[in-house]
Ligand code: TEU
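Coming up is one lone chain in structure tokens, specifically the form predicted alone.
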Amino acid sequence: MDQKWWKEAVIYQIYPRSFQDSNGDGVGDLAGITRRLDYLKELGVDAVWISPFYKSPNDDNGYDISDYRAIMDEFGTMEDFDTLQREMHKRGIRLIVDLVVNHTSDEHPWFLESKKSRENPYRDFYIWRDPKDGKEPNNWTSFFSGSTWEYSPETGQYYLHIFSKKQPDLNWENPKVRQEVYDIMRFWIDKGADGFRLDVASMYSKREGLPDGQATGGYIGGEHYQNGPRIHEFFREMHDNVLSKYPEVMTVGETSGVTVEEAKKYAGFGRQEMNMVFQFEHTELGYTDGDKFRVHKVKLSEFKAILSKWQTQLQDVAWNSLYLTNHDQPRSVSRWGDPGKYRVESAKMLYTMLLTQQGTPYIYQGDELGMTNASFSSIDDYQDIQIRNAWQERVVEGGEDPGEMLEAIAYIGRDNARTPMQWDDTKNAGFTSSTPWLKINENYREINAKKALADPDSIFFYMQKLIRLRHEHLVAVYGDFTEYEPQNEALYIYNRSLDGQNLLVVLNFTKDAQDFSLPEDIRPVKSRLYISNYENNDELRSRRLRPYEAAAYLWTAQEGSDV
């Protein structure tokens, strides 16, 4: 058991544009985060990951960076950042910053120079290619619709952009680019960062020759730029140049297309690359032929199989990151629970699961309140570039049914998680004194932090207890994982074990009562209730579970042992 702070931490993600506006312009900012730090301290989180706050023209809400060493105008100043990190550290909260270095903004000085001429010293900072038969160099398609190539008339070549045309991909084959990245990392470590979340970290290395691709995961070409030929070399170099000098700095990589075997390479103990990765298997479950806007229903057994696979196959080999939602995913209670009658119970159940598995849990802002999907009635209410581009391509140009597309967006679209934080029941939910950049969810009068903090049975206080218990019981962090009844389509049952102590977790994923039978090899001599979202006693036994019930028990089979 190699104990590390980042293994035992519970991390809270903030999307700053939607967290708290402090100056009345309708956009969240750094000073707004500082204002709410006591709220995060009360929740009990150990670290906060803040989505990009760097200078940006905001084509993709800050993931298109024009200056890595300056603060976005709407978010404040560097003094605001210094105050924020100082106040976080004063409260014992660590700071994780977003490192977005697969691409920059097309307004970054490097790119402005790069596109001037083929001989410019910055030309090779990006990936340029001649036209092929008068068209794009290959058939790759962007995550934001259309080709990954944009023609630049200044030099008669195309540049590569896996995402928006305003997000040109950096050329990681160029050692000067990599050294610039390492300098940026050192800059933010010196400014107080305790770790990095590495945006689209699996995409830095592109296959030589950039060949045509196959349609995989709804996009064409991913096999040539996900988990590419030099990706592990790049991360080992990053470790040698930066991370080895700062052993307490944490790294987590966003690695789309990653498998368990690839994850072992990125985050394996002793690999000297990253500490953990975000995998996408569970969040992409139900995508029809990889198409996120055509989602079909899945069985609980399929969902469990993915989560349990990552638990068992990384055990003793690498470290998991645990999440249900983030700024790119719909709300967890709307996706995996019941946002209606059993919203509170199902939200508690889902986070009981998240905080009793092995890995570092990530809580996305508002999930501690049980915030739900936005379900906007008009495409005009959505701001996300991925949603708007898909609508243009599929409905306006492609003739797809607008009602079906709107329904899909309301279920899976990224703006569902980006509606402003619901602080109270006043106008604009206490987020801003003016018009918010994105509409507030209409249910804010019912679901808000003020109401949650006044209710001892709220999701907030339940999650607070889960965090505290995880800190108190190492079995919840480091314990081995064993699943029971994997084909059960109603219950998720698993046991964690460490040095004779056990934690049995039973979760009902349905709105109906379900019978639970104690597994034959679990015969507790002594047990006590760890946590439950219903009233329960300490007896671990076979019984009937209530709708969306979660119950976890500490138990031991050893005479004389305590639990």
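Small disclaimer: the values here were computed from a predicted structure and weren't measured. Note that residue numbering follows the sequence shown and begins at 1.
Below, we turn to the form predicted together with this ligand, even though it does not appear here.
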Examine residue 348 and determine whether its closest non-hydrogen atom to this ligand in the model of the complex is within 4.5 angstroms.
-> no
How about residue 470: is it within 4.5 Å of this ligand in the model of the complex, going by heavy atoms?
-> no
Looking at the partner-bound form in the model of the complex, is residue 167 within 4.5 Å of this ligand by any heavy atom?
-> yes
Although this ligand is absent from this view, report whether residue 414 comes within 4.5 Å of it in the model of the complex, heavy atoms only.
-> yes
Of 492, 196, 81, 144, which one comes within 4.5 Å of this ligand in the model of the complex, counting heavy atoms only?
-> 144
Tell me, out of 386, 358, 448, 332, which residue has a non-hydrogen atom within 4.5 angstroms of this ligand in the model of the complex.
-> 386
Full three-residue contact with this ligand in the model of the complex, heavy atom 4.5 Å, for 17, 368 and 439 = no
Can you say which of 238-246, 99-107, 261-269, 454-462 gets within 4.5 Å of this ligand in the model of the complex, counting heavy atoms only?
-> 99-107
Across 325-344, the residues having a non-hydrogen atom within 4.5 Å of this ligand in the model of the complex turn out to be 327, 328
